[in-house]
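Starting off, we have a lone chain in the form predicted on its own, written out as structure tokens.
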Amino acid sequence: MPIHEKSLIRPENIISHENLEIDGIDVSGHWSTFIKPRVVTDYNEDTEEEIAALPGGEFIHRCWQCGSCTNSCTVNALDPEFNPRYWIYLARLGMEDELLRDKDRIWQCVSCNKCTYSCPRDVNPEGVMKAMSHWLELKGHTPTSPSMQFDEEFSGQVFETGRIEEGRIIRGFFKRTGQNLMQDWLVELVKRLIRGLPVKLLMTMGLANIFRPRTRGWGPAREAIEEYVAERKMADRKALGLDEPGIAEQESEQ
């Protein structure tokens, strides 16, 4: 029979033959449209626990699917396919393959926190989205996102010197993401800074980019931060079973 609700079915699951004859009857086109079996067989029952073990995902279990997060979402207003409520639903069911279909969208969260303010169950959807993005990266489903690369460049500079130099951050981020530093908007920004800022401040900023000054007595603080970061990374990998016996050997062989 004809299928009228095609919008409810993923396009890749719809099969249609332009030329098909069965028992002498032409059933080409619309009448030869079939739907592939939609039975889900490969669950990951640990998906919810894995995401909950990462920073920000602790309260994913509280979600009761009211949809307040998606209704208030800034990105959803521009892209209706960006749906935090649905992704939390898939994660809690362990439908990992279905979740991976949207792996290129999930990281697009802009952290506006509208979802968190509107959530009646204190799920912290913004945190869950960040945990979900981190989960995708740790499991190797997606490359490191631009936002994560910026975070790494920003935090790396703080760890190293205890200071923030905006020029170095921009240069480092553009280098990581393969972007051209001489972009029109950036050139215009530099021109305005040169025209508007005092000469002494401009000289200080320029020298800071060259000599990389450090915060006085920063050494012990840097060591403590680096130790914490290493512990956090180890805990995250352990939560996803990436440091279980035999895993490291398998990864090195691949």
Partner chain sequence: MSEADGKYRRVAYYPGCALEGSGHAYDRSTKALGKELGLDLVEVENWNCCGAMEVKNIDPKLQTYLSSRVMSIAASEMGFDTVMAPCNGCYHNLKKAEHDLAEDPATVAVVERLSEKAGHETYKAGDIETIHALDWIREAIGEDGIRERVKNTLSGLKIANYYGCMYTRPRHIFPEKDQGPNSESTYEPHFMDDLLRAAGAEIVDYPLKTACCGGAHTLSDCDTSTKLVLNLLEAAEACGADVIATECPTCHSGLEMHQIRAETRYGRKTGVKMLYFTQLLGLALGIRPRKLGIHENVSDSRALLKEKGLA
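Small disclaimer: the values here were computed from a predicted structure and weren't measured. Here, rigid core means the biggest group of C-alpha atoms that superpose within 1.5 Å across both forms. Positions refer to the first chain, counted from 1.
There is another form of this protein, the form predicted together with its partner chain, and it is not shown here; the text below is about that form.
Taking non-hydrogen atoms only, Trp218 approaches its partner chain to within 4.5 angstroms in the predicted bound form. Taking the partner from the other structure, its partner chain in the predicted bound form has a heavy atom within 4.5 Å of a heavy atom of Thr116. Its partner chain in the predicted bound form comes within 4.5 Å of a heavy atom belonging to Ser147. Contact between Phe173 and its partner chain in the predicted bound form is found at the 4.5 Å heavy atom cutoff. For a residue to qualify, one of its non-hydrogen atoms must sit within 4.5 Å of its partner chain in the predicted bound form; none of Thr70, Thr142 and Glu160 qualifies.
Checked against its partner chain in the predicted bound form, the residues Val27, Leu189, Ile35, Cys66 give one hit for a heavy atom within 4.5 Å, which is Leu189. The partner is not shown here, but in the predicted bound form the stretch 70 to 91 reaches within 4.5 angstroms of its partner chain through a heavy atom at Thr74, Leu78.
Superposed on the core, the two forms differ at Asp184: its CA moves 2 Å or more between the shown form and the other one.
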